Every structure is written in structure tokens, then in C-alpha cells.
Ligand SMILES: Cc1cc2nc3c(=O)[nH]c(=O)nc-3n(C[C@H](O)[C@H](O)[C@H](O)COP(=O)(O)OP(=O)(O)OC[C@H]3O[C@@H](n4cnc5c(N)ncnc54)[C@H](O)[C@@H]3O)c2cc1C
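Next up: a single chain in C-alpha cells, the form predicted on its own.
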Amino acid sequence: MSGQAQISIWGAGCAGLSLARKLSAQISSGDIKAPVSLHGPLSPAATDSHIWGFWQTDWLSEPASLSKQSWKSWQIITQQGRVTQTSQSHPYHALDSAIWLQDCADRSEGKISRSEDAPARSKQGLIFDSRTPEVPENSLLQHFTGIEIKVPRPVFDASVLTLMDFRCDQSRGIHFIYLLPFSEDTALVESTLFSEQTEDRAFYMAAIERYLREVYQVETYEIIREETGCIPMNFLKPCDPALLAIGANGGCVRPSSGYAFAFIQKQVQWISQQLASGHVLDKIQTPHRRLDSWLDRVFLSVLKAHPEAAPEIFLSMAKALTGDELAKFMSGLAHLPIYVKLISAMPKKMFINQILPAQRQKWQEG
């Protein structure tokens, strides 16, 4: 991209700063000579630590090198059973949002101009829009509150993380505990729900307290920090279709899981490569394959229609796949044998009955 057309990034959150990081490297190498600006206040996640999880892939080597911790084994637990998976090639990483975003800001300093003011709309140049998109009514939400704690005695197995433990109150929606053991006596413990309405803090905290007491016989602990969040499990439309949408605004939140970080990195890497190669960008590729999106749509329809079946569905999925296969599927790298295993493991009638409603919902969305 040898011309001097202005490149503007709207939004200084994960997507905006991650793109700024990539473009800064291209500016340093001389592949991009256009002036680049970043607009908007810094995301709260740059100062208030949140954990962003991902499975290691080829395009995630930089965040993996900065991660707080990684695990080669993880488990999914229900009242009916437990599945533990292991992957040497695709370990699960926990990245501190503040460390990543600060590193992105540091690397772009002096190369990309910064302004917290609202950006001016220009008829020339490129505008990458990472502003928060509107969430449709009646969307399924993934909402959570978690606490990083230190307990008075060693109780956690630091070699295995808990992706989902459904041994908790299911009366408010699909509910599970997500637990990242950083050591034998420290862990992040989150109460997570899939439902259309969020709960007050007391509900999540009571669930965490009950879980620690019943599973680990822990009554007292020190709270190191707390985090909370709400991720829409839906197909979101860009704030402004005339702009180049990125991040959550550009479809990076995977509707079935919410794992957006990996897909944001995949998207911004593609953008930086396109710009460095001199290609004209008039549309941003979605980081999700069509088959994945179609499966997500049907899966969400099943979860909304049969929330009581969720624990067994997730357990069946884990039983059907190896650790490598689950990591690939969650990272958008699944191949045909993985899809065959997944579809074979799912309750056939339940999913077949939701194909038409899911397609009808897509038609209504336009």
C-alpha cells in the first residue's frame, strides 16, 4: 500500500488495538506507508484485567507468548459424567486483557496517532469500525461473574482446567462453572449462564460459593480481583454497513461459544496482509466458515428450545472428540471427519427439528 490514503481505526478495544499492533509492524517494515490513526477512549479491559481464553494456533503465537498460563488438559463435567481431554499441539491459554492491550498500545506508539475524540468521517481512505454493535432483542446471552481467589490450602489440580462444570443451579438458564487453576491454591472461578437475561451479582457469587464448598470443601478465601461480562450469542450486524467492520462489529464473536479473541486475531492478520500486499479492501472477510456459521445457528436454536439438554449435549461433544479435535473445532479449523463425529454425537431428532426454525430466523434477519 504505497499511497498515502488515510487509515482510521474506530475503537480502542481488543479489535482496534490488535489491528493497530499489526499495522504498526507493517509500518516499521515499510510495507504500509499510509498514515494510520486510532480513535476512541481506551477500553476498560486495558486497565481492569479480564481473562481471554483461546487454544493455541499458528496465528496466535504472539498472544500465547504473553499469556498468564496455559494447560494441555481440560475437562467438561455434568451430573452424569466427566470427560478429560488433552492436546499437546493446541494448549488452552489464559491471556490477561490488560497485558495484551498495553502491549498493543506500546508497539503502536510513535507509529500510529491516537485520539480519544470521536473520529471525523472522511470520504477518502479506509475506516475500520470496531464500535460495539447493537444486540437484537431476545438474543441468547453468555453472561458471567468470576473471581480470582487464593485459598488457605492446596485444593486445585493446576494441570487441568475446567471448561464447563454443570453441577450447579440450572433454574435460571444453562449454567456452568468455568475454573482456571493457576496453582494449587489460586484460581479464577466463574459462574456463567446462557440465557436471555442477566442476573444480579448475588446470584453468581452464591453459585461460586456453593461450588467451592461442595466440590473443594473451601469455606474461606481471599478475593484477588473480580471480572464480569456479557457476550451476545447471536449473528450481529455492523453498526454502519458503509464502513469496514472489525471485531465483534465484524462478526468475530462466534455465536455458539463467544470465543472472540482468536477470531479477532485471525481477522486483523488478514487485513494487515491485504494492506501490505497493496490489495484494495472494500469488504472484510468473516473469520468464520459458512458451515461453522450454519451449525452455530442450528445449535443456538437447539439450546433455546431445549436448555435442559445442554449439559448432555456438551458432554457428548467432548466424548466424541479428542483434545486436538475440540481445539480445532473451537478455533474454526475443523475438517470433515471432525464434523462427522460431532453430528453423529448429537441428539438427531432434536437437531433436525431445529433446522427449519434456524433457517427461518436467518431469513427474517435478512
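All values derive from a computational prediction rather than experimental measurement. All residue numbers are counted from 1 along the displayed sequence.
Below, we refer to the form predicted in complex with the ligand, which is not included among the displayed structures.
*Asks:* Within 4.5 Å, heavy atoms only, which of Ser67, Ser316, Ser43, Ser301 is in contact with the ligand in the model of the complex?
*Replies:* Checking each option against the ligand in the model of the complex, the one that comes within 4.5 Å is Ser43.
*Asks:* Tell me, which of Pro119, Pro136, Gly81, Gly125 has a heavy atom within 4.5 angstroms of the ligand in the model of the complex?
*Replies:* It is Pro119 that has a heavy atom within 4.5 Å of the partner.
*Asks:* For the interface check, one of 273-281, 81-89, 288-296, 128-136 should have non-hydrogen atoms within 4.5 Å of the ligand in the model of the complex; which one?
*Replies:* Residues of 128-136 come within 4.5 Å of the partner.
*Asks:* With the partner left out here, if you bring back the ligand in the model of the complex, are Cys14, Ala260 and Ile264 all within 4.5 Å of it by some heavy atom?
*Replies:* Yes: each residue has a heavy atom within 4.5 Å of the partner.
*Asks:* Can you tell me if Phe182 lies within 4.5 angstroms of the ligand in the model of the complex, counting non-hydrogen atoms only?
*Replies:* Heavy-atom contact with the ligand at 4.5 Å: absent for Phe182.
*Asks:* Is it the case that Gly323, even though its partner is missing from this view, gets within 4.5 Å of the ligand in the model of the complex, heavy atoms only?
*Replies:* So Gly323 does not count as contacting the ligand.
*Asks:* With the partner left out here, check for me: in the model of the complex, does some heavy atom of His50 sit within 4.5 Å of the ligand?
*Replies:* Contact check for His50: yes, within 4.5 Å of the ligand in the model of the complex.
*Asks:* Is there a heavy atom of Val218 no more than 4.5 Å from a heavy atom of the ligand in the model of the complex?
*Replies:* Looking in the model of the complex, residue contacts with the ligand do not include Val218, since no heavy atom lies within 4.5 Å.
*Asks:* Can you tell me which residues in 140-167 come within 4.5 angstroms of the ligand in the model of the complex, by heavy atoms?
*Replies:* Contacting residue: only Phe144.
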